[in-house]
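The data below hold one chain only, encoded as structure tokens and taken in the form predicted alone.
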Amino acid sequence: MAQLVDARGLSCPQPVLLTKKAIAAGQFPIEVLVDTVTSRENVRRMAEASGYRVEVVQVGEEFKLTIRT
């Protein structure tokens, strides 16, 4: 079961910090919900720079990022 990080409504750097905390917990996959393009890109870049695979899906006005090892 995926670990869920709901970062909707939060401004950067909060979504990135919450995602880093989830990554440190080590329970994959991690689903991150964000509602801005800036948060989507910042979380994606951080996860990819850390060596993880990231899948991004737009759901209406929001985005779901799935992070896998």
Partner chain sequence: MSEKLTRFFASRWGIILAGAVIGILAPLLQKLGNPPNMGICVACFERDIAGALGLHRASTVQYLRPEIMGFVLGAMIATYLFGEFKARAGSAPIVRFFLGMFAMIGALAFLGCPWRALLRLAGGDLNAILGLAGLATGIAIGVWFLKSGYSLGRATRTYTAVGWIMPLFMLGLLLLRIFQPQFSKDGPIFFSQSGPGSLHAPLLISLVFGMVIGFLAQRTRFCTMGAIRDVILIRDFHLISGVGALLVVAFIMNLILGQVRFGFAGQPTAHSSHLWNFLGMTLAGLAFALAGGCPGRQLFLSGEGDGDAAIFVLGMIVGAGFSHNFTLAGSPDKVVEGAVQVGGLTPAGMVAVILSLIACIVIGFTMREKSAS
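The structure displayed is predicted, hence computed values, not measured ones. Positions refer to the first chain, counted from 1.
There is another form of the same protein, the form predicted together with its partner chain; it is not shown, and what comes next is about it.
Looking at its partner chain in the predicted bound form, residues Ala2, Ala22 and Lys64 place no heavy atom within 4.5 Å of it. Its partner chain in the predicted bound form comes within 4.5 Å of no heavy atom belonging to Gly51. A residue is said to contact a partner when one of its heavy atoms sits within 4.5 Å of a partner heavy atom; Gln27 fails this definition for its partner chain in the predicted bound form, lying far away.
In the predicted bound form, no heavy atom of Glu31 sits within 4.5 Å of its partner chain. Shown alone here, Ala47 lies farther than 4.5 Å from its partner chain in the predicted bound form, counting heavy atoms only. Applying a 4.5 Å heavy atom cutoff to its partner chain in the predicted bound form picks out Asp35, Thr36, Val37, Thr38, Arg40, Glu41, Arg44, Arg45, Glu48, Glu61 from 34-69, in order along the sequence.
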